[in-house]
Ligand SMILES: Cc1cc2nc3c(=O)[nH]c(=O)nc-3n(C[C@H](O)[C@H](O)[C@H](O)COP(=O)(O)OP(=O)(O)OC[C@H]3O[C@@H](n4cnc5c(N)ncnc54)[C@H](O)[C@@H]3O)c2cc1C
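Take a look at this one chain, the form predicted on its own, written out in structure tokens.
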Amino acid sequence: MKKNPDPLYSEYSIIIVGAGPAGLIAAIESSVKNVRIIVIEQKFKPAMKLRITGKGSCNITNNAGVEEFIKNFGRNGRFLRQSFNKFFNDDLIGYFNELGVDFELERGGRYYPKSGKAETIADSLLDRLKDLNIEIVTNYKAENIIVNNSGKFEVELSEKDRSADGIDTTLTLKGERILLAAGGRSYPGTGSDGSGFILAEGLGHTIVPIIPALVPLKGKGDIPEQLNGLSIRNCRVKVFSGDKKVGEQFGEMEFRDNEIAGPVILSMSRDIIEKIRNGEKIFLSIDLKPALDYKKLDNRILREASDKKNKSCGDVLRTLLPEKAINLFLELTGIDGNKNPGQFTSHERKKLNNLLKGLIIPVKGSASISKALVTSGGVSLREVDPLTMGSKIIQGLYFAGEVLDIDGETGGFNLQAAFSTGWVAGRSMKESIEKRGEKDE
């Protein structure tokens, strides 16, 4: 890997923009002896987003079947069927086994490297590229791509030269084929800053509007702030647009940074954001006691009040709620936390029951896209061949990973899609080279 060099050559058979999971596996799979391939990375280090996935532990894939995977990608999941049929979860695990990485299968069908470190995944890919003598350059950003009169791609690169008062150094590479694997717009500090969309659009491709996905939500009012720091397990969250229920999930959620987060919220966030942008009024209804119906919950409240008849109503609530939620529920119900449980009225019990079964939080939007785990939107799938990842508009142009209009649920689904589409793109470029009998001198 070279840092801030002039590349050895001005022309390549393959130029890959983006050194993330899709770009790196594509580079490996496109390798042909005596053929020049270069990977361009705008950050100082390859695979920066990959290195922080799963809080640095890297949930690389899931043991779910193909149909479950496709379902987890929503409206565009069918596009991935061809890629998954060619290179799927078992193939991916076996692939990294051959690179010396072992895995553990954990809760929810999630695979993690036994090392517990995402670095293990990234380094194994980079070691393989080194073995294949595939060139990687860092701190270069692809600013523009054109197709010249001879049908070759010209990629204009820039580098910020800090030693020369911030003067940009520019460089142009020519290539027979281009793979755009520059990621989405989430976590821009890792290089996933949306620049791939600009390059694709400049080449004539349609970009489906970008919105954050797998992202925390922002609620109206002060409930998220009052519950800040609270994690809730085994709750049921329903999503309403006006009076109509439009979503529901069971699992874990949390309140942090005055936002609403956690797996349940993240998985529903894309659809919620789309509805808000369409002018719909969205609110969440959180059932904190999903195992109890209203009657059983009322009996539970009565029993707790009887057991604590010599204590206070606040003590009764402590048997039903986390400490961090007590003051909020006392405020919302109007119950005096200091009074004797024997003074609990049926009206107060009903209000408490309704809140426990349906704490209402209106949603006004989401956190910024920089906090999103993935990006929704991107290069229109109508313009990409799912068999090859090749452009239907420009011959020799390919796409892989998050730059495409695909985004899935948490649980290893998105990384699998990046590796699968990258693998297919790499194999397709290799096949193209072999058919033409190319050889670089």
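These figures come from a predicted structure and were not determined experimentally. Numbering starts at 1 and follows the sequence shown.
Absent from the display: the form predicted in complex with the ligand. The rest refers to it.
- The single contact residue among L320, L266, I276, L199, judged by any heavy atom lying within 4.5 Å of the ligand in the predicted complex, is L199.
- Taking A142, L352, V237, C313 one by one, only a single residue has any non-hydrogen atom within 4.5 Å of the ligand in the predicted complex, and it is A142.
- Every residue of the trio P21, T53 and A400 has some heavy atom no more than 4.5 Å from the ligand in the predicted complex.
- Among heavy atoms of R36, none comes within 4.5 Å of the ligand in the predicted complex.
- The closest non-hydrogen atom of T120 lies beyond 4.5 Å of the ligand in the predicted complex.
- A residue is said to contact a partner when one of its heavy atoms sits within 4.5 Å of a partner heavy atom; L179 fails this definition for the ligand in the predicted complex, lying far away.
- Although the partner is absent here, T333 sits far enough away that none of its heavy atoms falls within 4.5 Å of the ligand in the predicted complex.
- Stretch 184-192 is the contacting one of 228-236, 184-192, 169-177, 81-89, since its residues have non-hydrogen atoms within 4.5 Å of the ligand in the predicted complex.
- Residues from 21-46 that approach the ligand in the predicted complex with a non-hydrogen atom closer than or equal to 4.5 Å are P21, A22, G23, I40, E41, Q42, K43, in the order they occur in the chain.
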